[in-house]
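Coming up is one lone chain in structure tokens, specifically the form predicted on its own.
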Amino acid sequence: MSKVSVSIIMGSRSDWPTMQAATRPLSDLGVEFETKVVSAHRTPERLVQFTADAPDRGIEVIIAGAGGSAHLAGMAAAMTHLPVIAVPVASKHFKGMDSLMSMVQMPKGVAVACQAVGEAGAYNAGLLAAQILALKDDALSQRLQVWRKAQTDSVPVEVE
């Protein structure tokens, strides 16, 4: 049985259409992941328990997506030594700019790797998580290099 090493958390079930994009590169590269709803505001005790248990459960990287005030990634990063990759989810009123500003304005000493707003950011969060894990996993590193070459080879030289 493979071990889950990446946890994709989101503030609300409504974030799933965006956060689902993080699963694509992880699946393509054979990285096991889990998905959970963990709200910094509505389920703070769940967040505390999640961050306390994550290392013991084998989680090595956390991807946290949220919209609006978007405190999930920062709060998770404040409670764990694990790397946290933030994904700003587009909000109804400010199209994700509020989420982005919240995520990138972390105080010195609490690091969050913030990605782009929306689906592209979620996809890249999954890719970045795989790249972090590949630093100590030679087989994953090889798969990642093959994946990157295939991506490069898929870009046409000429426009038809």
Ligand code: RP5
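Owing to the predicted nature of the structure, the values given are computational and were not obtained by experimental measurement. The numbering used is simple: start at 1 and walk along the sequence shown.
Missing here is the form predicted together with the named molecule; even so, the following discussion is about that form.
Chemist: Given the named molecule superposed in from its position in the predicted complex using nearby C-alphas, should this pocket be scored open or blocked (3 or more ligand atoms within 2.4 Å of backbone or C-beta)?
Modeler: Open: no clashes with backbone or C-beta.
Chemist: Residue-level contact is defined here as any heavy atom of the residue lying within 4.5 Å of the named molecule in the predicted complex; does R42 satisfy this criterion?
Modeler: R42 belongs to the contact set for the named molecule.
Chemist: Taking any heavy atom pair closer than or equal to 4.5 Å as contact, tell me whether Q151 reaches the named molecule in the predicted complex.
Modeler: So Q151 does not count as contacting the named molecule.
Chemist: Does G121 reach the named molecule in the predicted complex, with heavy atoms at most 4.5 Å apart?
Modeler: G121: no, not in contact with the named molecule in the predicted complex.
Chemist: Report yes if any heavy atom of G67 sits within 4.5 Å of a heavy atom of the named molecule in the predicted complex; otherwise report no.
Modeler: Yes - in the predicted complex, heavy atoms of G67 and the named molecule come within 4.5 Å of each other.
Chemist: For a quick check, can you give me the residues of 6-26 that have a heavy atom within 4.5 Å of the named molecule in the predicted complex?
Modeler: Result: G11, S12, S14, D15.
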